[in-house]
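We begin with a single chain expressed as structure tokens, specifically the form predicted on its own.
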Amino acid sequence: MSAPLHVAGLRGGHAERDVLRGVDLVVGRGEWVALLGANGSGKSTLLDACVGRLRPRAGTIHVAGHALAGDGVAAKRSLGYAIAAERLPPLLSARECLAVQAAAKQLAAIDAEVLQLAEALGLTPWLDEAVATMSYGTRQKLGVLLALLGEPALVVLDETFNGLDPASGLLLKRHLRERVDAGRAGVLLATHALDIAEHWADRVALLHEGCVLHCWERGELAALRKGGGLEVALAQRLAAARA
């Protein structure tokens, strides 16, 4: 079974500047990978490339075995991307957004599981309201629901838990963890929240100056939880890289 995400030798960025300078990254099915890095390290640029919003200048991206450059339609149908709150169409209702995304994935209807999650998140009363009337946190929830439509092999999230109340954040983390543990998907989350990376992810990749500087594997993370924690290890890695 192909990995939900396989990135090799990725280079590229915006305009003429290479933000990514040879990124190699794999997200396996049944694996949650957290992507850490300072502002400007290339996290959002990497996610944009992985979901087809940015064409890299070199390297390859495969989603569930489909080459994003050569078989983009199949690749994009195999992934779910949590659209940023500010990029959601303001005049559409939440239900219309879900219906449009479902149609794009050639689904007969909105997933029942997604509607159940909307209910659990308290989003049901907002389903027929325009996106423009929603709070930032409510739009963040909608973005995640859009990402989960159609049983994606890869779920891509960019600072998704920002703006969520603690109860909703915990509910979503548990839901994602259940999908991962059941082998239904791989998750790639870009975040600055070290607690999420340390306690929910299976692996943590540190992006520095457009390259993966280090990747903490399961065993290393388990040891860090018992020791000084990820924050100390992260600071040590960055200090060594800058020395």
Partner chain sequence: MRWRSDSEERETEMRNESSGRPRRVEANGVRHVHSFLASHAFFLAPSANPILLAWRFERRRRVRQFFARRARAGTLLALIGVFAGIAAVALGQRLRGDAAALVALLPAHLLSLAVAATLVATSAIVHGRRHAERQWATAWLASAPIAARDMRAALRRRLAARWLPAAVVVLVLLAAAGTVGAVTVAAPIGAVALGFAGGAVIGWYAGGRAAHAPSVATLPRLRQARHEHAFEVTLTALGRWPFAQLRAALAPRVHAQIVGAALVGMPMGIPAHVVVLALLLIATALGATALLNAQLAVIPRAADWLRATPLASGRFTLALCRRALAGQLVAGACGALLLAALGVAPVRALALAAAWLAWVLTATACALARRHRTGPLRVELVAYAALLLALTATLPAALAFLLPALWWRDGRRMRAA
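Predicted, not measured: the structure shown is a model, and the values here were computed from it. Positions refer to the first chain, counted from 1.
Just so it is clear, the following notes concern the form predicted in complex with the partner chain, a form of the same protein that is not shown.
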{"query": "Exercise: residue 165 in contact with the partner chain in the predicted bound form, heavy atom 4.5 Å", "finding": "no"}
{"query": "Residue 128: touches the partner chain in the predicted bound form, heavy atom cutoff 4.5 angstroms", "finding": "yes"}
{"query": "Contact test in the predicted bound form: residue 154 vs the partner chain, heavy atoms, 4.5 Å", "finding": "no"}
{"query": "Distance check, residue 121 to the partner chain in the predicted bound form, heavy atom within 4.5 Å", "finding": "no"}
{"query": "Listed range touching the partner chain, judged in the predicted bound form by heavy atoms within 4.5 Å, from 50 to 58, 200 to 208, 36 to 44, 172 to 180", "finding": "50 to 58"}
{"query": "Residues within 4.5 Å of the partner chain in the predicted bound form, restricted to 71 to 94 and counted by heavy atom", "finding": "73, 76, 77, 79, 81, 83, 86, 87, 88, 89, 90, 91, 92, 93"}
